[in-house]
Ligand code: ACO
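Form predicted on its own, single chain, as structure tokens, below.
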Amino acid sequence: MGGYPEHARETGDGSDASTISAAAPAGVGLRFEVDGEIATVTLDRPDKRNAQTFATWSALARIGETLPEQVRVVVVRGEGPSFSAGIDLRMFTPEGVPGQESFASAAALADTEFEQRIAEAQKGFLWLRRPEIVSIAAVQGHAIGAGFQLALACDLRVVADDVKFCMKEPALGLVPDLTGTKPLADIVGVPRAIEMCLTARTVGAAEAVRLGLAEIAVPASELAQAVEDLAAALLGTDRAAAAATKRLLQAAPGRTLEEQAAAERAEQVVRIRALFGANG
């Protein structure tokens, strides 16, 4: 949904490797920084509560495609008091966001092309689940609609005590289509997911932790430190073992016990040979 703009990146030594192109569509509002094995993606439109657009999703996809190989942990955060208030409401107007499509212009596309545009947007969320990385959403304030789905795209969610999760799309006449329905249903169960989506109600920090939508809730002033501590703990695990374990856990819900046991055997053969084999 729109071209892929250049994105900001810092190398491990702090030097600037690239910047957001001046020719990029208006309102991209993303920062991307790398510090050693940790990458940070920051939604950076605080004046719009980090509302998302077609350009946001294209830029997220581009980051996933060009993620440096050394990165093991990806932190997704929002600048300002909100993580993300969801879709930029200008996309509902005929004019749309300056320099980008509107929903009205997208609706005129043929079905195949329209679905391909949505698939391109979904790429901005799908890469966060790759086995070789662990993604952490650091969520404060509003995480509405597309913002909620971006948090759900991450493996782990650390939230501030002022967090407000809400799946707003059905109330706007849409469906959640940025890969959020599966993780939501997997985490809270289908009945609860239906209730949350079709009422578009807000879920606060305590309920989010109770339902498994967040691993931990902390005061907003402690959010950054909690995420930093979690990232450090994750990096303490062997990289190859972490990726293999994540692969096993991600595939487990779709396998029988026997199939999972076979997958465990196959992964363990690789690990033990790597550690104790002649070339280990």
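The numbering used is simple: start at 1 and walk along the sequence shown. It should be emphasised that the depicted structure is a prediction, and the values quoted were computed from it without experimental measurement.
One more form of this protein, predicted together with this ligand, exists but is not displayed; see below.
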Discussion item. So in the predicted complex, is this ligand close enough to K246 to count as touching (4.5 Å, heavy atoms)?
Written reply: no
Worksheet entry | Partner contact for G145 in the predicted complex: this ligand, 4.5 angstroms, heavy atom | yes
Practice prompt. Please run the contact check for K48 against this ligand in the predicted complex: heavy atoms, 4.5 angstroms, yes or no?
Written response: yes
Worksheet item: A208: heavy atom within 4.5 Å of this ligand in the predicted complex?
Response: no
Discussion item. Using a 4.5 Å heavy atom cut-off, which of 179-187, 106-114, 200-208, 162-170 contacts this ligand in the predicted complex?
Written reply: 162-170
Worksheet item: Quick one: of L126, A119, L89, I194, which gets a non-hydrogen atom within 4.5 angstroms of this ligand in the predicted complex?
Response: L89
Discussion item. By the heavy atom within 4.5 Å rule, which residue out of A153, A85, V76, I133 makes contact with this ligand in the predicted complex?
Written reply: A85
